[in-house]
Structures are given as structure tokens and as C-alpha cells.
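Just one chain is shown here, as C-alpha cells, and it is the form predicted on its own.
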Amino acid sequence: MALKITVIGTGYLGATHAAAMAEMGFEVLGLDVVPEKVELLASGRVPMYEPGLEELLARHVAGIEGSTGRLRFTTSWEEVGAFGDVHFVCVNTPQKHGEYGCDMSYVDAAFGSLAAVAREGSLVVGKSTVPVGSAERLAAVLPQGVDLAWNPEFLREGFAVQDTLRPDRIVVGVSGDGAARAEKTLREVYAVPVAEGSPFVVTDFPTAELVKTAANSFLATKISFINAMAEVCEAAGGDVARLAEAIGHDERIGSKFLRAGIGFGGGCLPKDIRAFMARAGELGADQALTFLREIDSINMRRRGQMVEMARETLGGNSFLGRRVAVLGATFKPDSDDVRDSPALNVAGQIHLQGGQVTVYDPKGMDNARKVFPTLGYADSALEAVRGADVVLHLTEWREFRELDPAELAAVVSSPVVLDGRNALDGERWRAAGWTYRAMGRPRA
């Protein structure tokens, strides 16, 4: 008989995973404790912007005309327990308020509720990003006869659907008497992507938990490394874009994640590397990750350097009375996520120092307004830059790369653009009469 799957937590990770499991042919029941979210998903809509996700939901949510009906949503734990053979836990693990450590309260609550309803012979699968050692502790919460596996997620916002349907690897942590059963079940769950070539890596609990935080720490290190090189290039008169191109041809290094700019943000990399440092300290291995503190410091420093670059461009004095246009509010393109957004942080800093800041973002406006309601917002890039003394490009949306710089030059007060993502065509903007300046490229 075909496995029936439940997904606990229907945020960004959970909603995507539930829809993808239905696409793979499984009957799926998603649970959330927020009735409004369940109602929204049950209508085939999502509470966030993720390319392709709403279309995927529409193909499978029960009650939508033409759908397979394989995907439903509920707030009932009893229904989840009676329905599911495999329970995926996809709840959030935010950074603790005022601390570096990970807040495990949502995971603990989910496991406690599952323990009360899960049927004997079922499998609980953790997907949330947790501190190493959590799985072993949580396994003891589950009743006898209910197995646990840890299956970390590796979703990239903007590419979450394809990352779930065609993952570049599937990591499964198993342990104890139920290890073989858990592995067998998850091989069945992921049979389609494995058949299409996705590697299936089986590990113990601690290794599976470490994979996600180690991967994010490596990516953060790579980003902060090239941003540190940008600081040296600024001082030495070098060009960080050419430097990145040159070292990227070395196959041991590679070219990805080597675009210098205002740094990384979002709901994963910053909090994951901080939680990793905190956990290493608890384990007595804090010296192993002291370098991550500098990675974090470099990343945060880039935001202040963008603010100072804007100040220097405006004469080196106060922002008072100066009009600043900011293109971008989300932490990355193809997302509406403004959590720990470098773009919004820079806009906020300039605003707090007296600048008249107007922001435009293709998808993140509503979320940005919730975080910084006192900033100015425009309905288009053209309106955002109207009358601006300087334009800051801070999120590398394709829409911004395709802007007509001549059209924008006609409405600004001063045609000066600062490229905080090294993503615009500087020659094209200069040809249209702009002064173009990019981070780490003082002579470019």
C-alpha cells in the first residue's frame, strides 16, 4: 500500500515539501497551528512568494478544479496521527532573542504533539535545521515503535520547487534498531529523484544534522572572503570582479558565490552560522568555529560600508535633506523575504541618519513596509529614483539589470548609481550619462 505523508509546519519549507510530495504521487496532509494559513493553502494560495509553488499547489490541492486532490491541510493533530505513515517536521528554528543559539521551542512542541498521536510503525522525519545532538534527544520523546530519521533541507529561496523535486543530494540520518526500516522507507519516499540521479547519502544523526550548518557556513565563508577581498581592492585600487573571475577559473575554488557586494542575509545563513558557533561552544569545540565570528563581522560591516559610500558620494557630510533611491528590499531576488535583508538595513540606516529614502522592490514591498513603515515606497523603479541625489542598487533583480538607464537619468536630480551587488552593466549606465560606482572596484 502506498505511503501516506504528513508535513508538520506549512511555512516556506513545509508548503514546498508538501506540494512536492504530492507531485511525486503521494497522498499528503499538511498541518499548521495557524488556521488562517491552513485556509489560505487549502485555497491553493501561499503566504509567501516562491516561483512555481502556487502553480504546484493548484495541481494537487483537494477541491480545486482539475487538481489531483492528493494534498489537503488541517489543524488537527488527531487527523495527522490517524493518516500518516511518514511525518515530516518542517517547523521554524529561529535565532533566540538576544542570543546566538537556536530556538528549539517549535520543534519541541511539534515532537511532543506527534508523540501523542503517531501510530506504531510510523516514521518521523526531521527536516528543520537544528543544533547537532537534537535528533538523539528528540528520539527519546517518541513512543516505542515510532522511528526517527533526520533529513535536512537544502532549499534556496527562488529555487525551492526544483530543489525539492530534483535535489542535488538527499541526506538521511538514521540510528538504532529502526535505522534499516527508516532508510528503506525514505528510499521509497525519494524513489523518483534517486532514479533521476540524486545521490542518496546515509549517515548517523550527528552527521546529518551537521551537513546543513556546515554547508551554510562554507557558503557564508565564500561570500565574506570575496567581500574581504573587495575591501583590499578598495584600498589598493584593484578590481574585485576581475579578481573573482580569475580565481574562479581554478576548479578547486569555482566561481559561484564570489560576487562581492553588501553581503548575505535572509532567514538561514546569518542565524545558522550563529547557532553553529553557539552549539560548538556548548560542545567544548568553540575554537573550531571562531573563524565564523569574523565571517559574520565582515558580512555586517559591508552594510555600513555601503552607507559610507553613499555619504561620500553626497559630499561626505549629512544625509539630511538628501534624496536617496534604493532599488531592492528583499535579501535576494526571486523572493519576497526581507528577513535580515542587507538592502533594507542600508535603507533604514540612511533614513535614520536623516536621508529621504524611497524604496522599490518587485516582490518585497508589503513585507518591507511591515519592517520599516517610515521609509518611502514607490510603485516602480522610475518613481523611486525621481528626484534622487543618488541611486543605490542593493538587490540583484533581473528587472533592475534590464532598466533603461537613459529613462532613469531623465528624472533623477543627479545621475549617480552605486552598485551594491556588482550586477549592473557599468559601461551601459555610463553611456547614458551616469556616474557608476561599484563596491570593490574603485577604478572600474
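Note that the structure is predicted; figures quoted are calculated from it, not measured. Note that residue numbering follows the sequence shown and begins at 1.
The same protein also exists as the form predicted together with a small molecule; that form is not shown, yet it is the one meant from here on.
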Under a 4.5 Å heavy atom criterion, is R156 part of the interface with the small molecule in the predicted bound form? yes
I'd like to know whether A325 contacts the small molecule in the predicted bound form, with contact meaning heavy atoms within 4.5 angstroms. no
Would D272 count as touching the small molecule in the predicted bound form under a 4.5 Å heavy atom rule? yes
Applying a 4.5 Å heavy atom distance criterion, does V338 contact the small molecule in the predicted bound form? no
So which of 273 to 281, 326 to 334, 311 to 319, 360 to 368 is the stretch with heavy atoms within 4.5 Å of the small molecule in the predicted bound form? 326 to 334
Report whether all of I5, H17 and E209 sit within 4.5 Å of the small molecule in the predicted bound form, measuring from non-hydrogen atoms. no
Can you work out which of V132, V172, A244, I223 has a heavy atom no more than 4.5 Å from the small molecule in the predicted bound form? I223
Looking at F200, F291, F257, F218, which has any heavy atom no more than 4.5 Å from the small molecule in the predicted bound form? F257
